[in-house]
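Same protein, same chain, two forms; see structure 1 and structure 2 below, as structure tokens.
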Structure 1
């Protein structure tokens, strides 16, 4: 056939076919998306520090292991309150002359998703320690350590942020370990990663592939476990700082083992700390409002309280859901004001 023996026609046809398909499947959808899209009205713009931190996030290739997308499937519920939508990424534009738009959605979840990490883990002290050496706070972590983002100084200046590193992880580093500008920016970026709630009145789309509720079976076999799994809640919400053994980290996070708050009878103080955070003891880092940020329910708080009261050798009287509910109702009323 003439067509097959004419290189101009043959290669030309292949090229035109490919370009046509490219336009249909990539170029038009992409253009359509960037034209008919805007950030949610209540979305918070990245601060200057956070933007610099994002560039550090890009430079160090964090996207290799951390996604930033909540899919509309049930298993992704742990990473956000609602599935991600195009508007969530609309504010990302070309980063610089050299760097493309970085939506940083990622394709690998070797480490946890970071869409909502600013809510889940807002503590500056924890993030700095974790970046200096992840295994100080999460023993099983395989995340790289980033000690080159920190400086060592003999004397602290006024605005220096010191990181208290446990001795076994100092590896012979003398002096005070101080966070660099870059790592503070990086933490600012991580703190800024929060899912924007949909504007009022708009329900989020559902998560697909919902798991069937199996709790009814459990409830019958294990009385009175109407409460969720306290251990799992502890691991997901508290363990990063207070550690698996409940002993915390010296100079950063207080122990819960043998703690007077945990063992004592002042339930109101205990629940208040979980829900609203705590900053009464200068020898430890500030605790954020873990409960409020993560929207813990009274059931979940009760489970956590009881887990902490009965673990690591702690042996205090457990509390009931009603007691916690009463305090939580009060907190929710005041927190809204």
Structure 2
């Protein structure tokens, strides 16, 4: 009974037991996991700007609505090329000595998952406009706007990045809307979020509960088509900027409805814009290389071209896979040089 009556021995023993169990149950397994889960060989470390953007991402509560984890189920395939693995998070480090926000996997998808958003939406112009007022680019968005991350100026300086906001969303703001350093860092972080390809020869895990693919049907012949669904490809690769109605956004993203490029006969120009992007400044924002960034196949590009040529009142002649493939073969060879 002397042991239980001596508070120093009692609490001292409890403390030693607690520390010992913590080391055995928590610390040693964590060290072992850290040693066993190294980053993938070609993983890219966050730049200084992206790291500052990560801090802004945390400070503005983005993690409350966006996850960064691609689960091993078919419904998550839209968020990444493969299911997430431990190595994807192995290079994440503590924000500071006292703050552990290494991984931002999240627990709720009020907004879309951001694991691979740097591939899905690499356009700086789109990201800035989306952060200033999400409903300019996604009419149904419930995401809050972040106008305090931007400044208003009468005249632009040489290094200023102007954000072209449609008149109906300016709410009386006069002058030039300019991106702050913080929001540029935040965009740099978003653009850095890309799934690292697995090393050559390492197959990715299959997504579970896969749905059976249905063949698309050609509206004219009512026969199964060799091409994928052009409308779905447009939604996944083009709609964010050019909008569901194909009318784009005035001053930001050009319309495809009635476009001379879409309705014209210069297929080489059309395919080059999809694959390599286009700089239409100062009239419109610079378009990134959607085709190369998203690794679109000739079948997918052909389906997108034909969808745009025959949608929103457009009534242009469709193109063949062979025509597109010939142009893309040359682009791919040139891009590798």
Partner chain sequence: MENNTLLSETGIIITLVLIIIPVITALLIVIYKIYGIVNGLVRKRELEKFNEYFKGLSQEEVKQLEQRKRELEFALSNNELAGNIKISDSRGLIASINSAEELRFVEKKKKSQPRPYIEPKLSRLILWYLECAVFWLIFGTTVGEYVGIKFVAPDVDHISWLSFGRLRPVHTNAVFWGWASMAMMGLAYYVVPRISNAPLASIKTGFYSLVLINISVILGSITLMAGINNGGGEYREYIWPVMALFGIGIILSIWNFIKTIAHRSNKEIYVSNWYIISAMMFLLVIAVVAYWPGWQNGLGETIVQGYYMHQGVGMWFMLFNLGLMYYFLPQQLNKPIYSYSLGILAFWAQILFYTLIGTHHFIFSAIPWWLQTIAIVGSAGMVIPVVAGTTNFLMTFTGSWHKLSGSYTLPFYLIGIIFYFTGSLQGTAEAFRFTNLIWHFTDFTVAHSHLTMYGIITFMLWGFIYTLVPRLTGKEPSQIIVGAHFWLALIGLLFYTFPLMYGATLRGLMWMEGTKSFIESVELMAPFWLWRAIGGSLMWFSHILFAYNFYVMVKSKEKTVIPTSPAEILLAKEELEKQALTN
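Owing to the predicted nature of the structure, the values given are computational and were not obtained by experimental measurement. Just so we're on the same page, rigid core means the largest C-alpha set that superposes within 1.5 Å between forms. Numbering follows the first chain given and starts at 1.
Which one here is the form predicted alone? The form predicted alone is shown as structure 2.
Residue 299: with the rigid core matched between the two structures, does its Cα shift 2 Å or more? Yes, residue 299 moves 2 Å or more.
Taking the rigid core as the frame, does residue 32 move its C-alpha by 2 Å or more between the two structures? After core superposition, the C-alpha of residue 32 moves 2 Å or more between the two structures.
Please give the CA displacement of residue 13 between the two structures, in Å, after core superposition. Once the two forms are fitted on their core, the shift reads 13.0 Å.
Fitting the two forms on their rigid core, what distance in Å separates the Cα positions of residue 23 between the two structures? A shift of 7.9 Å.
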